[in-house]
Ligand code: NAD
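One chain is shown next in structure tokens, namely the form predicted alone.
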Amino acid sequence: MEIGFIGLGNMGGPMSRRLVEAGHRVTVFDVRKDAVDKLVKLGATAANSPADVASRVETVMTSLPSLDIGLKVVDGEDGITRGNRIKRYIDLSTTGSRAAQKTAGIMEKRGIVQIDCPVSGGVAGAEKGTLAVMTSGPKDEVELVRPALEVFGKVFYCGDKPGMAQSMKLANNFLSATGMAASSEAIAMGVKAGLDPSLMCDVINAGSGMNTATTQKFPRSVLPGTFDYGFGMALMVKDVRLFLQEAEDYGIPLEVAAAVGRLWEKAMAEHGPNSDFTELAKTVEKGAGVQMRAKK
């Protein structure tokens, strides 16, 4: 397929690379020239703007870090709606259902089909092609682009309404955020009691408390003290905020989610938006008066 790809960051970079390596003809754009140059060396074609991408190909994908950037790329002065060839827009970002519905309305007025397509699995999943790929939109359009989406991982069809895949993604990311928060508090308690945090992860991962924080995030980033998992604090806080907003829109009472949200906000206030999201463990450590590190 001929595919345009806008946003070559931590997730977009490896996903667009996988498309090139799979034999798709990919036109790319990013505000960072070095990111574009890497893809061009692999065989991609560079464009000058989102509008330029949308004037060269019928299918345009985006992977962008914020709602404001996403809306600018969609409908700004040089946005993809200014292109004259685009037929379908595939948004791989996490924006929430409100934003998805808004952009779907913009696209519909211009005769462009929107496919919501948030992904889960982190940078490692993007590199390996093992992401969970959540889609919503016209089913025939999703099936048309399925071969390209399967380059990223396993494709799930969530429904035909704009935003349904976004709701699925927010539920997933809230559980991921909760697992990290709860695991940090549980392991801090054990360390305070004299337990080895590495042993704790081993036991938890052999039992019923296992989650992605104990199987991946703690062993890779917290126990060694590197805090370099590769997902930004601001991105996780954004996803938690979007989940809280959407749950409130639906009138769902929030007990656990509200507490989780407060802890993530506290962690970002302490470590900054550009810190790694695993640094939430440092916030818990500070309150508990312990360090959760592997013994050398």
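Residue numbers run from 1 along the displayed sequence. Just so it is clear, the model here is predicted, and its values are computed rather than measured.
Below, we turn to the form predicted in complex with the named molecule, even though it does not appear here.
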{"property": "Heavy atom within 4.5 Å of the named molecule in the predicted complex - the one residue of 44, 263, 51, 64 that qualifies", "result": "64"}
{"property": "Among the candidates 40, 247, 257, 69, the residue which, in the predicted complex, approaches the named molecule to within 4.5 Å (heavy atoms)", "result": "69"}
{"property": "Residue 280: touches the named molecule in the predicted complex, heavy atom cutoff 4.5 angstroms", "result": "no"}
{"property": "4.5 Å heavy atom contact, residue 29 and the named molecule in the predicted complex", "result": "yes"}
{"property": "Contact label in the predicted complex: residue 119 to the named molecule, heavy atom within 4.5 Å", "result": "yes"}
{"property": "Proximity of residue 175 to the named molecule in the predicted complex, heavy atoms at 4.5 Å", "result": "no"}
{"property": "Candidate stretches 53-61, 263-271, 30-38, 248-256, one within 4.5 Å of the named molecule in the predicted complex by heavy atom", "result": "30-38"}
{"property": "Contacts with the named molecule in the predicted complex, stretch 126-153 (heavy atom within 4.5 Å)", "result": "none"}
